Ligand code: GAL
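Next up: just one chain, as structure tokens, the form predicted on its own.
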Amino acid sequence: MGKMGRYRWLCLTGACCLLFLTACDGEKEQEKKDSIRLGVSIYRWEDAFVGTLRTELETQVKEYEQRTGVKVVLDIVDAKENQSVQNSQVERFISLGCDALCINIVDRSAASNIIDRAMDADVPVVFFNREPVEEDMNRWDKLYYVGADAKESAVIQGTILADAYEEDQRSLDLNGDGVVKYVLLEGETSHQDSLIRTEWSIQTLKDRGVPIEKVTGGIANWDRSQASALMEQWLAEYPDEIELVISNNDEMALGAIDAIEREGVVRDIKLVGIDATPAALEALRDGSLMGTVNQDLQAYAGTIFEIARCLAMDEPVEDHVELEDGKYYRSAQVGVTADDMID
């Protein structure tokens, strides 16, 4: 074989080896991971709704592991309502090599710090329950949000009340004077869901022609004990006026129920909440709560995990989850009343 022939043979052999190595690399890249690590930060451990959501998330992860054999390291921590603490938790998650982050952010207007860290490390983020502002969500294509539509929640809540009024006006207008007098328990002042739920629950009642009059209202920060203290104060100040309690969530409604029972109020004050937590469903069964809004926690938690799993496994999210604008998922909701709890 001449020099030119040997040269061509060596080139051909080298090219074949290169193709073989490239193919092997491609096969390695396509191999499925046998384990993933997810970092989850909760804004406040004691929040009843988020706590229930956390439990459901853990359940779904265990079911996924059993079904697929893929190990999921789920690192869940409490931010204790402190954005600085949560920022430090995110840095720790990244240093541990988390494949994706699931963040229930403390301050929705302060997401930029978390996003900066995630972008620098190329670690995708699934925000949930507390939605960052749109400008932050649009900064990167690896940011997602899972939550319920706050306006829809409020409209459903208002509809529960309006339907009851249309069926029997005295169900809400306890003294029969032609006006339903209500108090309003609101969540955090900075939380978008609180603002939207407050506006649209009341607007729905007005749109349906229910004659309402606000007695008073207050911020209870989604908290049962704070709501209980407010309701106790209002019962003392307006002993014969309150006919209806509209609450931005179930925990505050349950706090109001605690105060009503503690004060021995005999009037059948009606209460509505949002979230359909286990405690709220029990209150529906015993008749102390009139209605709530179910946000389908199973699908809610399942979607948080599915998006994070896809990101961790390098699978296209849109192949597994139907998204709005490529990054938002809104949980389905339905109204629940005592009648729905009858087996």
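In this text, residue numbers run from 1 along the sequence as written. Predicted model, so just to flag it, every value in this text is computed and none were measured.
Below, we refer to the form predicted together with the ligand, which is not included among the displayed structures.
A.B. asks: If contact means a heavy atom within 4.5 Å, which one of 211-219, 71-79, 171-179, 191-199 is the stretch that engages the ligand in the predicted bound form?
C.D. replies: Stretch 191-199 is the one.
A.B. asks: Is the gap between V317 and the ligand in the predicted bound form 4.5 Å or less for some heavy atom pair?
C.D. replies: So V317 does not count as contacting the ligand.
A.B. asks: Should R108 be counted as a contact of the ligand in the predicted bound form, where contact means heavy atoms within 4.5 Å?
C.D. replies: Contact with the ligand, no.
A.B. asks: Can you check whether N249 is within 4.5 Å of the ligand in the predicted bound form, heavy atom basis?
C.D. replies: N249: contacts the ligand in the predicted bound form.
A.B. asks: At the 4.5 Å heavy atom threshold, is N129 in contact with the ligand in the predicted bound form?
C.D. replies: Contact with the ligand, yes.
A.B. asks: Just one of I36, V50, L311, A301 has a heavy atom within 4.5 angstroms of the ligand in the predicted bound form, so which one?
C.D. replies: When the ligand is considered in the predicted bound form, the option within 4.5 Å is V50.
A.B. asks: Within 52-69, which residues come within 4.5 Å of the ligand in the predicted bound form, counting heavy atoms only?
C.D. replies: Residues within 4.5 Å: none.
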